[in-house]
Structures are given as structure tokens and as C-alpha cells.
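Only one chain is given next, in C-alpha cells, and it is the form predicted alone.
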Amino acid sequence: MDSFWHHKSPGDFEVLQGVLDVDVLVVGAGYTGCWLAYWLRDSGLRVALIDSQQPGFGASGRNGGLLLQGPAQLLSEAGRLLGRQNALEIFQWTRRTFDWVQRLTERYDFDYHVTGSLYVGGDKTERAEISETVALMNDAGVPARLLEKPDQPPSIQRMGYDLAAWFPDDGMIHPLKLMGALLAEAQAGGIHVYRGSPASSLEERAQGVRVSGPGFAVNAERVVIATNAYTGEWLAPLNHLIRPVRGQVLATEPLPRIDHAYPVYADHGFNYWHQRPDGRLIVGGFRHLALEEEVGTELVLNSRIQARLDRLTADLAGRHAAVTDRWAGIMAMTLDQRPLWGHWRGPIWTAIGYNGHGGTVAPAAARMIRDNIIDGTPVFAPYDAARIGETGE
């Protein structure tokens, strides 16, 4: 089951065969792996990136195509979870992603559009959360603002939402095209990228690790595990720390313009949609209607959720809209709602558990891991993988 984004290949990559010796091996070519390969391209290190499928096959190529500032939670909630200063620090890190992406657009076209985004409250209990978030963003120098119902687009007013918040600078992107640009830059810098090379075992050795798979083995001084929801399948001590869950998404045929041309998040962030420049609607969500059903790493469609997505699509379009693509993606949720990244133990680094919001967080994680490997610079403390201990406890 492919996503709409998979109609575009991120590039031409070989299958790894034989024995390879490197300084850094990155396992998993999603957003984190691709950004890390990009950051390491000028490090002078021998680096390889491997993926069991194609780069972008997993959640990074199965999302809604949004680029949104901030961590997984509203900034007000992140403040309570991490502390105000920590929340503002990671918020500013995610905002750097937009500068990094903009720089890449000077050489590549990957359908990046700065539109702003709207977060609409699913019920009146969110008023305080939304208001506090806007105030925090204003304190950080971001001109976010509140929108009462009369100021919202008519299509959203008809859905009965309460208060909304306008977040400038957010936008939409074609994730596979972005990953293609990152990998093109990485390969030009001497990074080796391999597809169809599933790692099945990791053996820690005195001088690093040996990662093996069908027909290949890689000897590396350091390995970065960036397989997100699938990490526990072969790195057992981390298995209980993440919960893999499915997200359901669809894409329509090109449609006439609706009354808002920017991403919208709704219902406590569970539902989201946007209309691409070509007129297609990308609509995802309703996982909260089947929280226990949508657990696991199997890529399957949930017919009940897809039917709700159809109804929302018709409401937005004002008519029936033909669906061209339906897909599911597997996200990784952590027990404490915080990602795990940085040095874990011995020669192993990790970057997993973005809680469904990796678009702008993963690039920051990759940059911090790069700096930690090269210079020993500490990563963002609340997300530091070292907090879980060497045995995963």
C-alpha cells in the first residue's frame, strides 16, 4: 500500500551487498535518516545509510505533507510537560527547519509552500490551551493570533468548532521530494545510500558494531537507529518504550479551490487536512475513534475511519470527491510523550518516538545527533536517549 507521495521516487539507490566498513551507519531512511545523512555529508566521516525498503517508505512518506512548527503537543501543553524554557527551546529548534528547507529550495523544487496553518479547537475546553499557546508564541517573537468563530472560513464555521489559532510560517511540502533533495546532497558529499537492505541483527563489539542483513554486513564505529516504530523488532531493550500506532490518510482528485488554502489541525490535533496547489485534498485523522484498533505495525486500512475521512472530504469540498489514494502510516508514540534521541549506550545512538509530529522535529534531532557525534555537543536534555538507561529501563 503506497501513499500519494510514493508516486514520486526519492532517487535511484543500490541494494547493499557484501561487507562494508564505515565510521557511522544510519539505519532507517525516513526524515531523521535523510536529514542526518545530509548533515554528515561534510563531516569527513565514512557514512552509510540503509533502509529495508525505499527511503521514505515508512511514516515519513505516509504523512499528510505538512510542515508545522513546534513539538507534538500544543506549546502550552509542552510547557507543562517539559518546563516553559525547555518548551520554548525545542520550539525554536523546530523553527530552524524552515530556514534549512528554504535554503534547499535554491537548488531543488519539492513543492514547498509557506501558507501558515490554522489550529481549531475541538471543544470549548481547548480555549485556554489555544490562548496560552498563542501567548507563548508571541513571547517567542512569532505573530500567532486567535480567531473567533466569525473570523474563521465558512467551511470551518459550519463544522461547529470554537476558538482557533493562526500560526504563521507553517506550510505544506512533498515529503518524498524533500527526502530526494536531502539524499542527492548527501550522495554528492560522499554518503552511501542503500535501499532494500533490512538489518536483522546488531552485534556490539569492542570497536563498534556489526549490523547484518540478507547478503550484507556493516562494520561501524557508531550506529544511529532511526527506524522509529519498528525499532523494537530488532533492538529488543527499546521495544517497551514505544507504541506503534496507525494513522489513516487519503488524497482526492484535483478539485476547485476551497475557502482556505492552508493546513488545518482540528479535534485536539487528531484530524488534519490541506489542499495542495494542484487542487487535491489531503485528509487524515480520526484515529481517536479507534485508539485500540489502530495499534501495531501492520499497514492496513481501517474502513470505518476511511468512511469518516470521506465524509469530512465531502464537507470540505461541498460535494462528492473521487479519492485517488488511500494509505496508512505507522507512527511511534512514547510512554512519556517525549522522543528519544542522542547517545544511548556504547556505540549506539538513536532517534525515535516523535509522537506523530516529526516533520520539523526530526531535522532538529538529526542536527543535534550530528553535533553530538562530531563535537560531543549535548542534545536537548528532555529528549536525551540517555535518560532510559543502558538496559532500556
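Quick note: we count residues from 1 along the sequence shown, nothing fancier. Not measured: the values here are computed from a predicted model.
What comes next is about the form predicted in complex with a small molecule, which does not appear here.
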Taking the small molecule as it sits in the predicted bound form, is Gln275 in contact with it (heavy atom to heavy atom, 4.5 Å or less)? no
Any chance Thr350 has a heavy atom within 4.5 Å of the small molecule in the predicted bound form? no
Could you tell me if Arg338 has a non-hydrogen atom within 4.5 Å of the small molecule in the predicted bound form? no
Within 4.5 Å, heavy atoms only: does Gly296 come near the small molecule in the predicted bound form? no
State yes only if every one of Gly28, Asn63 and Tyr230 has a non-hydrogen atom within 4.5 Å of the small molecule in the predicted bound form; otherwise state no. yes
Name the stretch, out of 135-143, 183-191, 221-229, 252-260, where some heavy atom lies within 4.5 Å of the small molecule in the predicted bound form. 221-229
Exactly one of Ser43, Gln53, Thr334, Thr324 comes within 4.5 Å of the small molecule in the predicted bound form through a heavy atom, and that residue is Gln53
